[in-house]
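Taking the form predicted on its own, here's one chain by itself in structure tokens.
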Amino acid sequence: MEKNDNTQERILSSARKVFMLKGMAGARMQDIADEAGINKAMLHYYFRSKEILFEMIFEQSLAQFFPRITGIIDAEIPFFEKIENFCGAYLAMLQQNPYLPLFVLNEVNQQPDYFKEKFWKNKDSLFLKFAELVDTEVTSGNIKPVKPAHLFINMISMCIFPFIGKPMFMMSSGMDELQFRYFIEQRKTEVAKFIIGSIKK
């Protein structure tokens, strides 16, 4: 029996949905097979285990984020433009994958050693590069003195929180889905503007 690309993609899409909702520990191969509309034997033919599927989904999720963000940090553009591009790209990625932050946080918190060993190899260089940029800007007198870790967390958390707290936020603000989407589009510039305003001399 030959493997079909469409079937494999359907399985990956279904697995992504099940893992997002139930996590690695709570998901079952039968859940994924049911979501994909195939039997479990067919699922095992394409992917031998839940662990293999999970690793592929997790790596795909991280791959959507890190290369693009690394490219922004490495780009020969002014520092404030890097911040604008970073916030815009990160929010765009979250728009396409709104359940990704909770998914990643849950899995990392449950299995920090497994996550570090399997998925975080060489990725700590992203923050180190950012920290060097910040220190250079501070030393050059271009921005106010600021700790790179605080600046990095401020940028990430201001992008992530609307998605993590979306149900509560929509309920308290009275926003509908269309209004929330428009709100996120605004944040692509508002977050960067706020961050830049807080460090600009």
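Numbering starts at 1 and follows the sequence shown. A quick note: this is a predicted structure, and the numbers were derived from the prediction, not measured.
The same protein also has a form predicted together with another copy of the chain, omitted here; what follows describes it.
Chemist: Of Met171, Ala41, Ile52, Ala63, which residue is found within 4.5 angstroms of another copy of the chain in the predicted bound form when only non-hydrogen atoms are counted?
Modeler: Looking at Met171, Ala41, Ile52, Ala63 one by one, just Met171 meets the 4.5 Å heavy-atom criterion.
Chemist: Gln30, Ser157, Thr70, Thr136: which sits within 4.5 Å of another copy of the chain in the predicted bound form by any heavy atom?
Modeler: Looking at the other structure, the residue within range turns out to be Ser157.
Chemist: Using the partner position in the predicted bound form, report whether Phe115 sits within 4.5 Å of another copy of the chain, counting heavy atoms only.
Modeler: Phe115: yes, in contact with another copy of the chain in the predicted bound form.
Chemist: Residue-level question: is Leu105 within 4.5 Å of another copy of the chain in the predicted bound form, judged on heavy atoms?
Modeler: Because a heavy atom of Leu105 falls inside 4.5 Å of another copy of the chain in the predicted bound form, the answer is yes.
Chemist: Is Gln95 close to another copy of the chain in the predicted bound form, meaning a heavy atom pair under 4.5 Å apart or at it?
Modeler: No, no contact at 4.5 Å.
Chemist: Would you please decide whether Phe127 lies within 4.5 angstroms of another copy of the chain in the predicted bound form, comparing each non-hydrogen atom pair?
Modeler: It does: once another copy of the chain is placed as it appears in the predicted bound form, Phe127 has a heavy atom within 4.5 Å of it.
Chemist: At 4.5 Å, heavy atom to heavy atom, what parts of 148-187 sit next to another copy of the chain in the predicted bound form? List them in sequence order, or say none.
Modeler: Stretch hits, in order: Ala149, His150, Leu151, Phe152, Ile153, Asn154, Ile156, Ser157, Met158, Ile160, Phe161, Pro162, Ile164, Gly165, Pro167, Met168, Phe169, Met171, Ser172, Ser173, Met175, Phe183, Gln186, Arg187.
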